[in-house]
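As structure tokens, the next two blocks hold two forms of the same chain, structure 1 and structure 2.
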Structure 1
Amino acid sequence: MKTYQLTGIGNAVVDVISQADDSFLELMGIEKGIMQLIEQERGEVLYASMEGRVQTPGGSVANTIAGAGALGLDSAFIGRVHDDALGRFYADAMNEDGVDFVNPPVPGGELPTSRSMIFVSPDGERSMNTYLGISSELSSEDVSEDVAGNSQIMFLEGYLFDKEKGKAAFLEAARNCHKGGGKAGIAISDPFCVERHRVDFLLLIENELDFVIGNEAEIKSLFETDDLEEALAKTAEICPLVVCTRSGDGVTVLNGDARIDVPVEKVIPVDATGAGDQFAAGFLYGMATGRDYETCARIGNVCAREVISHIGPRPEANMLELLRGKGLL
């Protein structure tokens, strides 16, 4: 059995991206800057309204894994796509990017491959409208014990925590990863998802996970507080490694009693989609290759900065070259 330096479990989503101004968002009833879940019919209406649309593989943790794969990690992604045109496109794209898309597209059934209609505003903010389809049906059956047991780092996507079978799959994946000597962590993904499952999130983090990555809103949501420092301290009490991305305010890493604050250069994004995902790709690449946490965060920042400089959630530049140029490799 192959050993993976990094394995991710998450929603496998095809992104359809177009640019739109704020009045268009208002007209279509789209809330700016968040991920909203939609039904299939609304997806079709939004799809038809998109001018100059671009189609690309997305999904939060999948973007992270693709980014880490592009940096040279032996990586695998576990997610569900239907055996339809979008699903085959997705699986092929992951494999072509050098990431093992572990489970083949699922034949039969009624739920199609997930897609997200993403509108990018002139200020670079992205508004995601996601029809989840088959991807959120992920269960323990999709997570091979062998793959989890042979993963040095397992990265879970908080969005999948919305269903009981997703929670069960995460628990098993983390335990099997630990049995094989690996470390498991989670991208919190969404404060609203934490809102719905706070107790289970906290139990998973405290009892099963070695690290957690989230933005300010997500970390604060874990402990229902507006005080980031309080939320960080409480998260660090239950998890050995806490990584908090704070937009223009940089990144805070808490590792036991040690704290590192790494600044970022503020830039106006072309498209903010995937910023957190690519930060995680760089950070986990650093972890997998034995770098200290400050370097991990700096690598993450370079990866995030690259992805927001163009449309789409995955890197376009040669990231290894870019990082070498910055003296980070």
Structure 2
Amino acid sequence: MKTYQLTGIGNAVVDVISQADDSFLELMGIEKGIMQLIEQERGEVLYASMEGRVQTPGGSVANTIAGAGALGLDSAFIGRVHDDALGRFYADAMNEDGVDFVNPPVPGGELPTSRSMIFVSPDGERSMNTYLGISSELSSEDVSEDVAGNSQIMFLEGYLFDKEKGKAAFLEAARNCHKGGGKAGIAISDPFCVERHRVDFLLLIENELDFVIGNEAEIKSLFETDDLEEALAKTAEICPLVVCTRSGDGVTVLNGDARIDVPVEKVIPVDATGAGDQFAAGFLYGMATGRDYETCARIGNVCAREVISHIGPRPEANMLELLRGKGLL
């Protein structure tokens, strides 16, 4: 059985991108500059309306795993897609990016493949309309014990917490990873995820996980406080490794009694989409290759800075060359 340095589990969402002006958005009833969850029928109407569609495999943790794969890690992604045109595209694209998409598309799946219709306005605003589809039905049946049990690091996506079967899949993946001697952690994903499932999130972090990665809003939401230092301290009491990104204020890493604050060089982003995902890719790459946590954070910062320099949630530059140029490899 193949072993993996990093395996992710999360939503498998095809990003479908098209240019659109304000009059088109108004005509289609699309709210500009925000992300909306939509139903299947609405998704089909919007998909059909898109001209010059560009499709890319997406999903928060999937983007992280792809970024780590581009750095050379042996990586896998556990997700659920339908055996339809978009599902086959997603699976093939992940495999072509060097990431093993370990679950084949589901024939006769209960819902179509998940997709996010993204309309980019001339002023650069992105209006996102996401149909969750089959990815939100991921369950323990999709989690291969062999894959999870042969993973050095397992990274879980908080968005899947919205369904009980997703929570069960998380637990199974984390426990199988631990049985094989690996470490499991979570991308908190969104403060609203925490608000919906705070008790379950905290129980999972305290009893099942080895690390947590989140931004300051997500970390503060865990303990319903506006005091970041209080939230960090409380999270560190229940989890061995806490990694908090703070935009232009840098990164804080808490490991037991040790604290590391790593600054970042402030830049104006072209597109902030994917910054947290690619930070996680760099940090987890550092962990998987045995680097100290300060170096892990610095690698993560370089990866995040690259992705915000252009449109799109995945790196375009040769990240290994960039990291060598910074003296981090």
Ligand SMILES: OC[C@H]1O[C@H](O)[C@H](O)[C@@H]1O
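Predicted, not measured: the structure shown is a model, and the values here were computed from it. Residue positions are counted from 1 along structure 1's sequence. Basically, rigid core = biggest C-alpha set you can superpose within 1.5 Å across the two forms.
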Of structures 1 and 2, which is the form predicted alone?
-> 2
Does the C-alpha of E321 move 2 Å or more between structure 1 and structure 2 once the rigid core is lined up?
-> no
Residue shift check between structure 1 and structure 2, rigid core fit, L46 Cα at least 2 Å = yes
Would you tell me if E31 moves between structure 1 and structure 2 by 2 Å or more at its C-alpha, with the rigid core held superposed?
-> yes
Using a rigid core superposition, the C-alpha offset of V16 between structure 1 and structure 2 in Å is 2.4
